[in-house]
Ligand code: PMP
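The form predicted alone is given below as one chain in structure tokens.
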Amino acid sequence: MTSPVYYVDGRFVPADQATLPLGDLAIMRGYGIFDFLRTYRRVPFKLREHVLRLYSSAEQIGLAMPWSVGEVEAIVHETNDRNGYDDAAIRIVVTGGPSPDLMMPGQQPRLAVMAEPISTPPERQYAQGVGVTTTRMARILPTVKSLNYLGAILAVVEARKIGAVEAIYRTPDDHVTEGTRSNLFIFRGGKLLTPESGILPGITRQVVLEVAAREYPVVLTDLTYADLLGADEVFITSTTKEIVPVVKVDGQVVGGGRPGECTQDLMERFKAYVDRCLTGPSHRPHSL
């Protein structure tokens, strides 16, 4: 199998030759950001929204971004073209770069773009639903897509021990916010509810809100753990998962233990939305 091609700090290189200096703040201190998108039939989905979210993350942590939005988009397109996967997972990474004392950020961040064949959940998860756990954990800047995933990794490791696919963050006052790599939704009384604050503004989440609003009342509100357990339907969303029904929370059955009708309806509406995007006009910038 041919090695993927990555863009790293100004050069396109085979993935097995892609390197960063050990002194980069991303390696030394975990200081850096990323964003993650996918392609459908070789077309990057919501690229502009992902790049703008990348810039938002950078601004929130004071990370310099010497590239224009158009330049980053062009690099993503070029990386995608050089790999040629029909359905690719694309990760845009901005590292802290070199530091004079291995602590304070400088003004020379590094940009990397990686493309791989996408890995999506097995079909049974969509047909049967999945289990999730909840985890109580102090979080720093949840609105930033940071390279520091230590807490998330530990939470998912514990979730996998009991067969769950995701861990949902739970606050000290028993509110639930989002998953380690997903946004959280519930249906209750015919309304679609999802947390508004303390979360990463998911791109897939925004699409779901848009398509759902045509059919269901949508409410952005705080959700409690009791709300989650008592929901008529529960699902999570992400770039690779799209919409996945949740049927167990911390081992307790929710939503009757099967994917709900409203969730399944949204799954179909999401797919139709993607198809419309793929047949619409292209806004691709010029190649590098």
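We number the residues from 1 along the sequence you see. Nothing here was measured: the structure is a model prediction, and the numbers come from that model.
The form predicted together with this ligand is left out here; the points below concern that form.
When contacts are judged by a 4.5 Å heavy atom cut-off, Y149 counts as touching this ligand in the predicted bound form. Within this chain, T204 lines the site of this ligand in the predicted bound form, having a heavy atom no more than 4.5 Å away. Proximity of R53 to this ligand in the predicted bound form: non-hydrogen atoms within 4.5 Å are present. Residue contact check for A212: none of its heavy atoms lie within 4.5 Å of this ligand in the predicted bound form. The candidate site formed by E178, S182 and S238 is fully in contact with this ligand in the predicted bound form, as each residue has a non-hydrogen atom within 4.5 angstroms of it.
For the residues R124, R136, R139, K161, the 4.5 Å heavy atom test against this ligand in the predicted bound form is passed only by R139.
Only one of the listed residues (K145, R170, R110, H77) places a non-hydrogen atom within 4.5 angstroms of this ligand in the predicted bound form, and that residue is K145. The stretch in contact with this ligand in the predicted bound form, judged by heavy atoms within 4.5 Å, is 230-238, chosen from 23-31, 252-260, 62-70, 230-238.
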